[in-house]
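Take a look at this single chain in structure tokens; it is the form predicted alone.
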Amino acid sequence: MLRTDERKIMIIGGGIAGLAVGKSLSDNRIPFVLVEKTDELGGHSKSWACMATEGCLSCHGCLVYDYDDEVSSSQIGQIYLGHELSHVERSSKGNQKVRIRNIQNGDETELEVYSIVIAVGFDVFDPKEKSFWGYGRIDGVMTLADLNIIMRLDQTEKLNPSQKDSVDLAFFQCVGSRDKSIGCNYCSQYCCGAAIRATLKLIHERPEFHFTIFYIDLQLPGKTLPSLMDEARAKGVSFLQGVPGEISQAEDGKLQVLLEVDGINVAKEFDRIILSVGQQPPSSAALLSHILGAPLNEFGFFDTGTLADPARSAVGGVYVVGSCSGPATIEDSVLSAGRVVSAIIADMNEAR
């Protein structure tokens, strides 16, 4: 039987998925060491605004703070901020000897762990690659991530600096997703729900806002999102299928977009355009794949083998959680953490 100090689990990545794994391990009294390359836990979820209006809209953004507190205060967890995995080798006992590197000074620490969980999340698509939409060049074009920061800081007046009685905003969905031309022919999962929740939150706070959501194919899993879409429609949100054309700045400062309606190009104007940027494989994936021997799939995310076993990589003792194996919502990442910890416990019991 493994002694408690022999079954320590290493978690690589301190975003919502890594934190959820750490919490579940702590709840099961399994020691862990969490390695995060930045100086803060939480990852992308930390920048996400709460979308609650009169009630909760199930965005799950608050979970990252709860999990951060629980993992940071765990008596059986170690946290290394500003570190990255640099080397792995199997020991004679079947455990894994690992080295982690301090990114700032290069110092290395050697540890022995029972297994490793990859939880390095995703990178955000850079919308500047789609230059015809003008991000970084045309005032008023922003990303969904930019919008969330504005909402989290309670600075929505920036979306209507002239205090107009009516403001037209548009979401462009699938920016960097469902796009064969850039090798991202997949759905980023979170964008549709995030855009709908944001419209409801903003309409609740700023009734002068009016929204149009341009989409390719709406993804509304579960019971919550279809009802939220119905609510958005009832509050005047327009849903238009199709990919808008180039964005240009009109003489009055508004953003002009060319749309094809019944085979005819029609110009429509908005005050603000929000690009719902997709999730891409993490930049660290290739190096980690080399160090761990864990393969990547055709898009560059970590390969989990089969849908029937999404927790395990092709390498024994190495598990994959959250969006580093493919685009995922916060809720998806938390659920996958539960699957990974269940798989770890099952493998531990089988090894006894």
Partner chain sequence: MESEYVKDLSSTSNTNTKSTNFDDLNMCFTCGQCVSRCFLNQSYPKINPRKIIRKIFFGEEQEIIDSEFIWACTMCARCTTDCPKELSMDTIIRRIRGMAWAQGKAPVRLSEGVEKIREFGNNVGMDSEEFQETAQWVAEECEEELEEILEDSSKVPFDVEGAEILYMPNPREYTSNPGLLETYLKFFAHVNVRWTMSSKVYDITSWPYYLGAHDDAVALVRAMVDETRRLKAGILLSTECGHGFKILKKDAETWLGEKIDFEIMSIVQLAHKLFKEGRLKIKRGAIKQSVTYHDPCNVGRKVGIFEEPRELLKYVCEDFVEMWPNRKYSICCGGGGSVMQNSDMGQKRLEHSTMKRDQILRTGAEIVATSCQSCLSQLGDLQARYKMPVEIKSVIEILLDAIEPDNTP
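On a predicted model such as this, the values are computed, not experimentally measured, just so you know. Positions refer to the first chain, counted from 1.
In what follows, reference is made to the form predicted together with its partner chain, a form of this protein that is not presented.
K.L.:
May I ask you to state whether residue 241 is within 4.5 Å of its partner chain in the predicted bound form, using heavy atom distances?
P.N.:
Yes, residue 241 sits close enough to its partner chain in the predicted bound form that at least one of its heavy atoms falls within 4.5 Å.
K.L.:
Using a 4.5 Å heavy atom cut-off, state whether residue 234 contacts its partner chain in the predicted bound form.
P.N.:
Because no heavy atom of residue 234 falls inside 4.5 Å of its partner chain in the predicted bound form, the answer is no.
K.L.:
Are any of the heavy atoms in residue 259 no more than 4.5 Å from a heavy atom of its partner chain in the predicted bound form?
P.N.:
Result yes; residue 259 sits at the interface with its partner chain in the predicted bound form.
K.L.:
Check whether residue 164 has any heavy atom within 4.5 Å of a heavy atom of its partner chain in the predicted bound form, and answer yes or no.
P.N.:
Residue 164: no, not in contact with its partner chain in the predicted bound form.
K.L.:
Just one of 132-140, 105-113, 118-126, 81-89 has residues with a heavy atom within 4.5 Å of its partner chain in the predicted bound form, so point it out.
P.N.:
In the other structure, the partner sits against 132-140.
K.L.:
Exactly one of 178, 101, 272, 210 has a non-hydrogen atom within 4.5 Å of its partner chain in the predicted bound form; which residue is it?
P.N.:
Flagged contact: 178.
K.L.:
Who in 259-287 is close to its partner chain in the predicted bound form, meaning a heavy atom within 4.5 Å?
P.N.:
Going through 259-287 in order - heavy atoms within 4.5 Å of its partner chain in the predicted bound form - the hits are 259, 260, 263, 264, 265, 266, 267.
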